[in-house]
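The chain below stands alone and is given as structure tokens, in the form predicted on its own.
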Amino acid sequence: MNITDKSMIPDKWKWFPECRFGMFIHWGPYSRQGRGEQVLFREHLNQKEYEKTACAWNPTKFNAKKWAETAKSAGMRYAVLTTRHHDGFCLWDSQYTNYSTAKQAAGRDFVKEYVEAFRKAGLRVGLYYSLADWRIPAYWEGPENDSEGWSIFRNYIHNQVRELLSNYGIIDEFWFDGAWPRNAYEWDSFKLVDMMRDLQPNILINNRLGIIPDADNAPKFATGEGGTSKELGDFGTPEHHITPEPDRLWESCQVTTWRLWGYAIGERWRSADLLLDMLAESASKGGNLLLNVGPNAMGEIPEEFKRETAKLGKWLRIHGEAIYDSEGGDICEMVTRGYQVVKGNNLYLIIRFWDGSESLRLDGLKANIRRATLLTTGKSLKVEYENNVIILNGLSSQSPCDLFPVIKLECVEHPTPLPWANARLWEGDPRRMTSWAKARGESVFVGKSEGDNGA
């Protein structure tokens, strides 16, 4: 499937690139610790003591409607909630365990509240579920060392997934995690996916279902994102980086802090311009951005997240057509200015670096431009052609907005690159640039030019 060709995307999944921007929510009893979502393992905490604090967790200020309002204010169009992270604690009323918000101190089904509130707000709904459960010895031992225990644990996993897809209406996206160190055969992932599609035929399932050793040519204990499969799953999930996955949909999952996903006291926050940079880069490469927040132990979204993402929402209300339902970009060389995004016959130039010049020179683009507009202000720009070079005139010395201005080029046909610009710098056949260099000459010495005063 060519992700830039909308006709190749099944109708049931077209909503995904149309949305482009979503909210990832890492929330659980680990928020009481205030040191991220993996504190139980990374600090090797006492399991029984952690269990006591988890069961006593009662986030009385959790309000799913307010969460949905924050997502809408940021311009996000879907969300994914961690129903159960690696610590094994469940945010819904599961019949297969009492280690849940419903059966412990909170006495509430948070998944139900989340799904209802976000769906009512017009947002698509996704659920995250960790295959790992750090409490269970069989998870660590694996089927080779505890066959019976592993079978019981795996059935537990499958039953909980069935539960999540049976009791909460339509779920648009399902996000697995924690497949390490087991492979897809050990998790029985093929059977799991078949069951999920029987329950929810239109669901979009991610790729973290365990490696397929023979198909993915991966080692038994793959590290990092090694639980990802090239075959299983409908979309890729690059984490902490923005790397397109060929031939399928993908979304980059990123934090709004410097590192941790779950709530962390004292964590540093990324600014709105850096968050927008990630969104624009993802869109320019044909993917989505799933931007994370870790609510605090009482269930409140941190003010820093609301403040910075509200700036994104304000930017998107003016420039959203350059992001939503876009097709990727990178038509011609644009690194010295910013990003490109294509939609139909339109090319959007997202300007990261506003240099104060009255004109912008764009080489490498093969297109007849019907109209050029500074989308940020609505001002029309004059278009000139010098050989194959496009010159946009009428820009201001001051940047027209606090974040990234956008120029919209309405082209007669779908924009394409000139032959030399099919590849970027350090890519492609180097001989394509020979004529460009020869135009200067052959000598290593500098030729004389009149009127050059060195300014």
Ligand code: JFZ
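Predicted model only: the values in this text are computed from it and were never measured. Sequential numbering from 1, following the sequence displayed.
This protein has a second form, the form predicted in complex with this ligand, left out of what is shown; the following refers to that one.
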(request) Could you work out which of N388, Q47, T53, Q38 is the residue within 4.5 angstroms of this ligand in the model of the complex, going by heavy atoms? (result) Q38
(message) Quick check on this chain: which one of W92, W261, F89, Y339 has a heavy atom within 4.5 Å of this ligand in the model of the complex?
(response) W261
(request) Would you point out which of 263-271, 170-178, 194-202, 370-378 contains residues with a non-hydrogen atom within 4.5 Å of this ligand in the model of the complex? (result) 170-178
(message) When this ligand is placed as it is in the model of the complex, are F24, Y128 and E239 each within 4.5 Å of it, taking any non-hydrogen atom of the residue?
(response) yes
(message) Do any residues of 180-208 have a non-hydrogen atom within 4.5 angstroms of this ligand in the model of the complex? If so, which ones, in sequence order?
(response) R208
